[in-house]
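The same protein chain appears twice below, in two forms, each given on its own as structure tokens and labelled structure 1 and structure 2.
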Structure 1
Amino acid sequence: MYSLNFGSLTIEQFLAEYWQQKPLLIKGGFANFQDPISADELAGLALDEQVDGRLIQKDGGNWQLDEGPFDSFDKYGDQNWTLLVQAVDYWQPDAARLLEPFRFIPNWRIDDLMVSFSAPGGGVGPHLDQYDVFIIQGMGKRRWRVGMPDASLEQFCPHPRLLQVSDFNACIDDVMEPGDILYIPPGCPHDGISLEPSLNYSVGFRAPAQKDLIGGLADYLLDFQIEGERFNDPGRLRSLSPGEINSRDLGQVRQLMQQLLADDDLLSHWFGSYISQAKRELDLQEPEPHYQAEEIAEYLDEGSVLGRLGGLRCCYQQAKAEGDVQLFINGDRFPLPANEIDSARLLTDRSQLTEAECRHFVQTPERLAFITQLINQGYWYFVE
């Protein structure tokens, strides 16, 4: 397990003073850091057609972007290129553990773990992201420059699928070494250039836009055939211009939409389902044949432990103290009684359960049936 050290800062101070406000370089954030994945293993992942990989290369003043799956990397030489692989936490359990120290931010905000390998001189150019990111330096060294948000910066495309920004004033300009961590808030220009063969791990965070939220809610209403209330207008005044949409009508439309969002049950059920859906297809391995509950109980009683599938998104809600619990796993909602709050927390707060935590699920027939269902769906598995 990785232990995150903010130095003289507490997590509370970091959140109050830096989160979404200004960048921070944390020297030695992970002491004695060891790469959980090698450059060769990362390259192997990028050969798989199920994996989202891209390679960015600068040749003189020209930028080139190739998308995976790749056959080989021989043609790229030994300088000025970067291989980026998204969602490595879906495929590589050891790398997925890098997400755990950052769970002082709730699960629903964490996106995925991107891993990059850069040859000397490699980088993707100065650019902006619209989400928070922690960049962990693995093997090698990389120079990073980071600036504060600047509305005057010009964005341009040196390649049709590559957006960069003009040069910027850096408030951080430093060389990162293994175990160093760089936090970059949304909108901060940044540029990293590898000084030697290096690995970087980017813990990205979700920041859904209003259009995505509204679109997701609309899909939910359609899927579940939720019509809601209809527009009505008793006491309407005579219209002097039948072509006009007047401010009173527009206000009633706004009120109708706000009334929908004011339905706490609807909002919470939709958002939990929406935000727990996997970003990409999960590598589900359903056991064949399916386990029987008695088999699961025997294994857990004997000390077997369970791990959660990489990339599986889980969260829960308990709107009122002592109220029922809504557990969300991969877009599905599982209502649980209030006294099962500990079960919900174990399934959402832990990526791997201890022996004692596993035995929690054999204490009642209902818990045993539920964990058996999750194992048979491939969401949880026995750790070897």
Structure 2
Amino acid sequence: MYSLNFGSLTIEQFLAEYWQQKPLLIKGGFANFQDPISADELAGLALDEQVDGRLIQKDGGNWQLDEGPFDSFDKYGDQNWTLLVQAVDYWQPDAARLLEPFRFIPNWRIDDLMVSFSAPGGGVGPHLDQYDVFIIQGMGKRRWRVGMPDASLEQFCPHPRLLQVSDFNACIDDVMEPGDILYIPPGCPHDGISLEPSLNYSVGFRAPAQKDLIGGLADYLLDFQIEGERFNDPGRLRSLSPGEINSRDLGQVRQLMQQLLADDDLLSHWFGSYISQAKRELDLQEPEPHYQAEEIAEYLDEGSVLGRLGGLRCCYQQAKAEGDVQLFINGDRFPLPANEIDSARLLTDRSQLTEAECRHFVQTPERLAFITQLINQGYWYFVE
């Protein structure tokens, strides 16, 4: 288990003073840090067609970007390049464990683990992101500079697929060593350049914008064929100017839309479903043949433990204390009675279940049927 040490700060203080506000370098955030993946293993992942990798190289003033999958890395030499692999937690359970210490932030805000290997001099250039990130230094040494948000900074593309930022004043300028953690809020320019071959682990977050939310809701209404209420205007006044969209009509259009958002059930059902949807392909491996419930009960009674598929998005919502619990797994919604909230918590809070926690799911036929279904979908699996 990775044990995160904020130094003199408590998690509460970090959230109050830094989270979404200021960058922070946490020296020795992970004591005696051991890389969960090697550079070779990362390179191996990047050969796979299903894996999203990119290699960024700086050659004097020129930037080059190659998309994966890759055949080999020989041509890149031994300096000035970085291999970045997205969503390594989807493919590598050991690496996925790096996310766990950050779950003082809810699941729905956490995105995925991006891992980079950079040769000396390697980096993606100064840039800023829309999302929070914790960058963990693994093997090697890397100089990281971070600045505060600055509206005067210009963004430009030194390469069609690279968006970088002009020179910025750094409020953090340090060499990161294994186990150091760098927290960067959205909008803070940052630039990492390796001094030694380095592995960096980016625990990335997500935060929907208004456009994403409206779009997600529109899709949901379409998918579930929810028409909703229709505009109606009994007793409307005669139009003297038929071309006009009058304020009263426009106000009613607005009101209609706001009423939809005011529907508690709809909002909750939609948002959990939306925010738990997979945004990229999971490494789903359905057991062949499917298990029967009795087999699952046997294994769990014997002490088998279950792990959750890396990248699977799970969350739950309980609108009212003692009310129904909506459980969301990979975009699907499972309504549960209030007394099943522990089932929801076990499945969503924990990426791996202990023996005792697993046995919770043998205690009733409903839980057994449910866990069997989840295992047969490849969402949970027996850990060796």
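Note that the structure is a prediction, hence the values are computed from the model and not measured. For residue numbers, the reference is structure 1: its sequence is counted from 1. Each form is matched to the other, and the largest set of C-alpha atoms that superpose within 1.5 Å is called the rigid core. Shifts are known only where both forms have a C-alpha.
**Q** Determine, for this pair of isolated chain forms, which one is the form predicted alone.
**A** Of the two, structure 1 is the form predicted alone.
**Q** So with the core overlaid, does the Cα of residue 264 end up 2 Å or more away between structure 1 and structure 2?
**A** Comparing forms between structure 1 and structure 2, the residue 264 CA shifts below 2 Å.
**Q** After a rigid core superposition, would you say the CA of residue 280 moves by 2 angstroms or more between structure 1 and structure 2, or not?
**A** After core superposition, the displacement of the residue 280 C-alpha between structure 1 and structure 2 stays below 2 Å, so no.
**Q** So, does residue 103 move by 2 Å or more at the CA between structure 1 and structure 2, with the core held fixed?
**A** No: residue 103 shifts by under 2 Å between structure 1 and structure 2.
**Q** With the core fitted, just quote the Cα shift at residue 240 between structure 1 and structure 2, in angstrom to one decimal.
**A** Core-aligned C-alpha shift comes out at 4.7 Å.
**Q** Which residue ranges, three or more long, have every Cα moving by 2 Å or more between structure 1 and structure 2 relative to the rigid core?
**A** Once the cores are aligned, run 232-252 is the only one whose C-alphas move by at least 2 Å.
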